[in-house]
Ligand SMILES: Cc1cc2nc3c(=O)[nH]c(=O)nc-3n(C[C@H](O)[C@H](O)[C@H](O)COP(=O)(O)OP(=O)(O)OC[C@H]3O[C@@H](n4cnc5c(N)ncnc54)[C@H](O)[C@@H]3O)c2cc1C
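In structure tokens, the next block holds one chain alone, the form predicted on its own.
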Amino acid sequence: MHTYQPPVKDFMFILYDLFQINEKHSDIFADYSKDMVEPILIEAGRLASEVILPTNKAGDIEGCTLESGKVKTPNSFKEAFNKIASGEWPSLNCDPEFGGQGIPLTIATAVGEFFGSANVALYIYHVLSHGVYSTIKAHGTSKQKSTFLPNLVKSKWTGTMNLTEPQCGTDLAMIKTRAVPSINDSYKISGQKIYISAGDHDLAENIIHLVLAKIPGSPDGVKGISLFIVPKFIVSPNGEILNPNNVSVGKVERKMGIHGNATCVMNYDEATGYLLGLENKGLSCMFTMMNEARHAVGMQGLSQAEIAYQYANQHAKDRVQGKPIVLTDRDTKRNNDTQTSDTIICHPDIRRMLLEQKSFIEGARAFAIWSSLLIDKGNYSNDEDAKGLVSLLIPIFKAFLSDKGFESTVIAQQVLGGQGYVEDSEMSQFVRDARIAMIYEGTNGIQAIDLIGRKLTASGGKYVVNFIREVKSFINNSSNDEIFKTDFVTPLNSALDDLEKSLDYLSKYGLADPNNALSGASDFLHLFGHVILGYLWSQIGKKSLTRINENRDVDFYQAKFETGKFYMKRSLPETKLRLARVLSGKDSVMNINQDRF
């Protein structure tokens, strides 16, 4: 029987030892001591492992079905959904004004990883609802906030985002959904949206759809897009459900993964909707939800990598297969001549695969908390530099973590060998569930284009310059210890140099011909992602070395130090490969005639 062990200790290390949130960010976290936060994480982990995880495999097998126009979710989902809601977990970082608990995102991020590892298909229902909450809170009228937010916070209602249509995905200028002004400041919404996650289900009383549409006479292209609140059931101003809206489900998609989450074709036939934000400013309003969702999708990649790693790690320690060629020092008590077999973790290639997963996951977890901390600083302290830096990091966080998260699940599957390919192991589900994160909320190629086309040049390039300056400052202040310098500082400095060379190329040749930049955009994003994890691992390594010298929890910090060394020596050098690809420019990609494909 597989189990899930929530990484509570690792999060406590990152929060209170690495980033020292109580000391360095007391304006936000003064009320959130270790003694308060650790029990929250322990209880969230218990819920994840004991209540949510048992629904994961069953949900994958059963999937969602469309019966008489209504979507039925897997049998076990309703009870687990209600336990999550009754514990007020989705409201952790919602405003107390609307029934939330007001806890910073940084702490809620840990809970999100636990729930996502246990059953990401189920957790998506809550994640999307939080995005709808945030968007209405940021752009809604007082009436809209009082009508919709309390029930979204309680999970009595859930939410969705409706962008994609049959004829357009990323190119939203092509949307055909129309919003015709009607009575009482409402609109009649007509059109079809596709690939709508959690589009319909039987878990909540109402579903609040956020729908992009065009008002007749609006400007062409994206400048004429508005955003509308379109509930499944019409509600009164005090939140009382009145009657069904003209919203229907045309189809539930059959998918590779996340079977327990209903991905729907949604039909709007003069459905009643309400303008959210300003007319023709819908895309900028929707970006509130999209940016939040992109951070959540990066977490989805991390969460699937974590549970897959746990299963692979346990298998490697249990599976007896093969004889070690050379025994480690710790194993010298055993007789190599008489032993016939050992568990497969003794083999170097198995250790390599496990360390590739472990070093990515623990570095990515630090990235998750760092980015969440920047979001909190922007929200609580109105720190413009924090807002600018996290805006730069979001496309990297979404794309790098979902790419590497999927890769980690495939590596975990490889550790299991043939057993990883059969459904009984559950590893196939982790691979399938992780794959979608590279596609939705903007494909990872789009994230790379966004990074080089918009985010690098924001505020004149201020935020990428600030990041490089911060890493260089760390390097200059960390070169005294020769062991640490050799294992961490030197490889970090080399990777940072690769990042600067790639930026120089993009500035010189990308402006002259955008295809030079676009052809290497994904490689640049991965290069940047590795530098970020290298920087975070260097901070972890430095902290760990200090704790080892203080003789504090030596096994834990020694494991951190050794895992970090692996990343710096075996993963970080990928920046050399990525740099070479960026510098190759457009020719190898664009010169071949399209007829020769």
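Start at 1 with the first residue shown and count on from there. Bear in mind that the values here come from a model prediction, so they are computed numbers and not experimental data.
Below: the form predicted together with the ligand, not depicted.
Put simply, of K501, K251, K255, K485 only one has a heavy atom within 4.5 Å of the ligand in the predicted complex, and it is K255.
Proximity to the ligand in the predicted complex, defined as a heavy atom within 4.5 Å, singles out one entry of M353, V390, I196, I84, which is I196.
Per the 4.5 Å heavy atom criterion, the ligand in the predicted complex is contacted by stretch 165 to 173, the sole one of 105 to 113, 491 to 499, 165 to 173, 134 to 142. Among heavy atoms of L373, none comes within 4.5 Å of the ligand in the predicted complex. Interface residue remark: M161 is counted as part of the site for the ligand in the predicted complex, having a heavy atom within 4.5 Å. For the chain shown alone, I446 is a contact residue for the ligand in the predicted complex, at least one non-hydrogen atom being within 4.5 angstroms. In the predicted complex, the ligand sits within 4.5 Å of a heavy atom of I436.
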